[in-house]
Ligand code: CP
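Shown next as structure tokens: one chain only, the form predicted on its own.
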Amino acid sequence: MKHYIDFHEDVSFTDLDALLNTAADLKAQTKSGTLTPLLAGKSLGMIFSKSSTRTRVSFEVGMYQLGGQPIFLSSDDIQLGRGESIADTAQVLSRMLDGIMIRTFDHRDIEDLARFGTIPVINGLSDDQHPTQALADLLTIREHKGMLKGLKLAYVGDGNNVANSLLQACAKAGMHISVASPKEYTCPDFFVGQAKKDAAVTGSKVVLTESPEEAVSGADVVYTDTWTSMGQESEKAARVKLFAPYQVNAALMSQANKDAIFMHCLPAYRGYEVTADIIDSPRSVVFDEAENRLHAHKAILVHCLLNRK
């Protein structure tokens, strides 16, 4: 792949199968202690305008396990978009690095890095999308369910960057997806349209509703995320009130299939978007999901950086 920025645009149907298979193979290697230094001599610049636990650790450890060199760059370390233009930053980093992973607010910053640079750019998260999380989610579902096509994922809560990328990823994988959000916070039509375009190819269904019960009915996977993302702290009180009916609890989970699993990209806030008896139950796979960030991200790195001249 040239870049990994937008799941719909950058990941083809064959790319998705290859990424998931690579991630599974690399995970097996990690578990057996037989790591292959596929990216020896390669370097990855990691730009963080937003702080992170899982994204930083997974990419940093992933590059290390693949034999490459990760370089952490915080907003205090570089002048991206402030003293130096993104175009100049992209061209300079392209002369020194083999790839860039960026976690930031404005999605246009990621697109501009790719437009002006000459090396692969990986979207570690923007306000619009979170495609690296989506790949780890699909890997986790495949591990627990043995397949993806034909399964139903219900996302309940804020139609945020995670929900947007899940729409893209599920449609691409042939999974049915229902998103339940208040009408003020539903997923943008742009991402819904992308998902429906791929769903027409894979035969999956894309449903948006205001009813969490409708979304969760017959689901194989129930997924939620925090109600208040980074940068939205001033909205917390209003969001807690509005999203209260969208809490994933025992009553809501009872609408899903009996063997349904619970997922959350973390960090989670027990008592808000999910109750402790659900996230800490045997149905919860949130820590498998978190671990799979490492293996999914290694697959992305291999597919983007391995064959770069």
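Just count from 1 along the sequence shown to find any residue number. What you see is a predicted model; the values in this text were computed from it and never measured.
If you look for the form predicted together with the ligand, you will not find it shown, but the lines that follow are about it.
Highlighted residues R54, Q133 and R293: every one comes within 4.5 Å of the ligand in the predicted complex, counting any heavy atom.
Comment: the ligand is not present in this chain, but in the predicted complex one of C265, I47, L39, V274 has a heavy atom within 4.5 Å of it, namely C265.
Taking the partner from elsewhere, K152 is found to have every heavy atom lying beyond 4.5 Å of the ligand in the predicted complex. Residue contact check for R103: one or more of its heavy atoms lie within 4.5 Å of the ligand in the predicted complex. The stretch that touches the ligand in the predicted complex, counting heavy atoms within 4.5 Å, is 125 to 133, out of 125 to 133, 206 to 214, 93 to 101, 109 to 117. Contact annotation for 148 to 170: no residue has a non-hydrogen atom within 4.5 angstroms of the ligand in the predicted complex.
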